[in-house]
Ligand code: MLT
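Listed next as structure tokens is one chain, alone, in the form predicted on its own.
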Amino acid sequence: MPDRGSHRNVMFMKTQPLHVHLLPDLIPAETLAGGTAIVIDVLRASTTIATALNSGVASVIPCQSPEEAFALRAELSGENVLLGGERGGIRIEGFDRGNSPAEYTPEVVSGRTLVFTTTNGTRALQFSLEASSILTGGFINRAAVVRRLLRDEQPVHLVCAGTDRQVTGEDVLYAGCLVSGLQQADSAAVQWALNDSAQLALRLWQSVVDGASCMSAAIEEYLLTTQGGRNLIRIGCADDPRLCAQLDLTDIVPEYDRDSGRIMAPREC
């Protein structure tokens, strides 16, 4: 006999779009309008932003160029400003910090305003401005991002930053991690409608962690094989993939505030 109760549950289950965008440049115009965008630059901008806010940075001001960052520091003379960022993975000349999460300790950053620019991450945020809400995510705040998205009733867009306008495995892997987390959450009222890229990201995630005794170790091993991971090894930052592979170190979900142009640090319950 068919399970009529189960059939009724499916009939009344809400369908919610869940889309992965493999590169900002591939997002069709107006696609993000009315949705929540999660900007993903695992190696390393979105991880570093969450780390800095968790270490006590008052806010992060993303900008698109070093020149804009220097101008903002002069403009914000009443604030204790820290310049952070990179080009080609290397700290920008004249900046206080680069783009490694290891550089953003409480002793260095607490109470300061971080003006931040990176090759790929801040560019991806700029591409996401049409969304109603803009968050940033990495493995270090995975569970908190999932909880935040489960509260939303609008379409979810996972925006992978890529590297130099090329798709990178580390961002796709994290997108798949979020897809898996949302699907597995105890949210019987929602059925997630995945686009093809979300299905590809989910399969990548499953292939990397399936049977792994330590999930963070499996993530790190994969990150070291990606374009972003190889770039970090090349420039002498081989420890950063390990830092970026750690799971659930913070319950902060950085959120961009359009009125102030700053990324703030609300904490998830």
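All residue numbers refer to positions in the sequence shown, first residue = 1. Because the structure is a prediction, the values reported are computed rather than measured.
Another form, the form predicted in complex with ligand MLT, is not on view; read the next lines as being about it.
Colleague: Go through Gly169, Pro155, Gly181, Gly89 and name the one with a heavy atom inside 4.5 Å of ligand MLT in the model of the complex.
Modeller: When ligand MLT is considered in the model of the complex, the option within 4.5 Å is Gly89.
Colleague: Between the options Ala52, Ala201, Ala45, Val39, which residue brings a heavy atom to within 4.5 Å of ligand MLT in the model of the complex?
Modeller: Of the listed residues, the single hit is Ala45.
Colleague: Can you tell me which of 119-127, 74-82, 173-181, 190-198 lies within 4.5 Å of ligand MLT in the model of the complex, counting heavy atoms only?
Modeller: Only one stretch qualifies here: 119-127.
Colleague: Using a 4.5 angstroms cut-off on non-hydrogen atoms, would Asn99 count as touching ligand MLT in the model of the complex?
Modeller: Asn99 belongs to the contact set for ligand MLT.
Colleague: Would Leu232 sit within 4.5 Å of ligand MLT in the model of the complex, counting heavy atoms only?
Modeller: So Leu232 counts as contacting ligand MLT.
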